[in-house]
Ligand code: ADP
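In structure tokens, one chain follows: the form predicted on its own.
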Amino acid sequence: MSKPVIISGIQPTGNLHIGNYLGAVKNWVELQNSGKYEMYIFIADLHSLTGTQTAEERGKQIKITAAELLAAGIDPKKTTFFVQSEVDGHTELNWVFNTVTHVAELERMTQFKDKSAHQEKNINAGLLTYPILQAADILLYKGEMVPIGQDQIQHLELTNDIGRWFNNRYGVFFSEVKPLLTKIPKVMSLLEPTKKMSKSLGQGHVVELADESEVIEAKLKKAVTATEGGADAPGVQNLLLLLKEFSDAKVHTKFTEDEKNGTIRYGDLKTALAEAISKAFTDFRKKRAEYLTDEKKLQKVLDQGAKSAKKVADQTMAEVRRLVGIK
């Protein structure tokens, strides 16, 4: 029996941070290493075109993101790992899906409003239609499951709607995609702990996987703690969550108990957390540097991944073309 197909991707819009890692990358590596699935992980450079990066920034960041995902544990021997734009089936299927999707369905997507609010001077058509490209990303490889959080359910529902609209018009071809709901630790900003950790908030808000020890320590020193709400303040809870993920269980238990009885010292908590995060990504930083200093090796990995992905994509598109009558 063939393995269930899992597909996911990430935009090359900035260096990976611990929110990305705990929210997606760590789970990808675990799914990959379980041996239960056929994995496709891609760098969503076409999606990134809806943002505000310059061409130079994007080109550089694609390489960095590739190196970081490999350093974090994505194994090209176990996962088809590639750059989205290197497989032209994504854009072709995207156009076909554009023709079966009503604009009203896109206008009701909540993330369009969120993304527009973040770039008021660049509300382009791609922000509205990018869920269609997401559907193409998934269905191009006959995706069966997508690892997502609860906040992404609406997008997966639209993917299934698009597949059904295509089937209704041209004949049954695409199958329903199921969410692989994952327990994602909600990592918050260091400086604004009521907001999700995001690169868009600024450097001081995130801890990048590539940050050196002294940088991590400096960022955590400025992290908001119990300025409001006492020990139950969002900032404190965020730091304890991170300590649970990256530190020894005994260390986390000690600080959790200190918090409950009111003896916690936030400076000590920040120091312990800085040490734990730095140690957790020591090997990552080494591997990242190796990939970035050997671009030929990095590109070879991506080329091989794109070649493998293209074989599957081309088969899908040959049948799609036949069904829509443009073979």
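Here the structure is a predicted model, which is why all the values come from computation and not from measurement. Numbers follow the displayed sequence, beginning with 1.
Below, we refer to the form predicted in complex with the ligand, which is not included among the displayed structures.
When you look in the predicted complex, the only residue of 197, 71, 220, 83 with a non-hydrogen atom within 4.5 Å of the ligand is 197. With the partner omitted from this view, the residue of 236, 135, 187, 209 that lies near the ligand in the predicted complex is 187 [heavy atom within 4.5 Å]. Shown alone here, residue 10 lies within 4.5 Å of the ligand in the predicted complex, counting heavy atoms only. Contact check for residue 24: a non-hydrogen atom falls within 4.5 Å of the ligand in the predicted complex. Although the partner is absent here, residue 19 sits close enough that one of its heavy atoms falls within 4.5 Å of the ligand in the predicted complex. Of the stretches 246 to 254, 189 to 197, 125 to 133, 87 to 95, only 189 to 197 has residues with a heavy atom within 4.5 Å of the ligand in the predicted complex.
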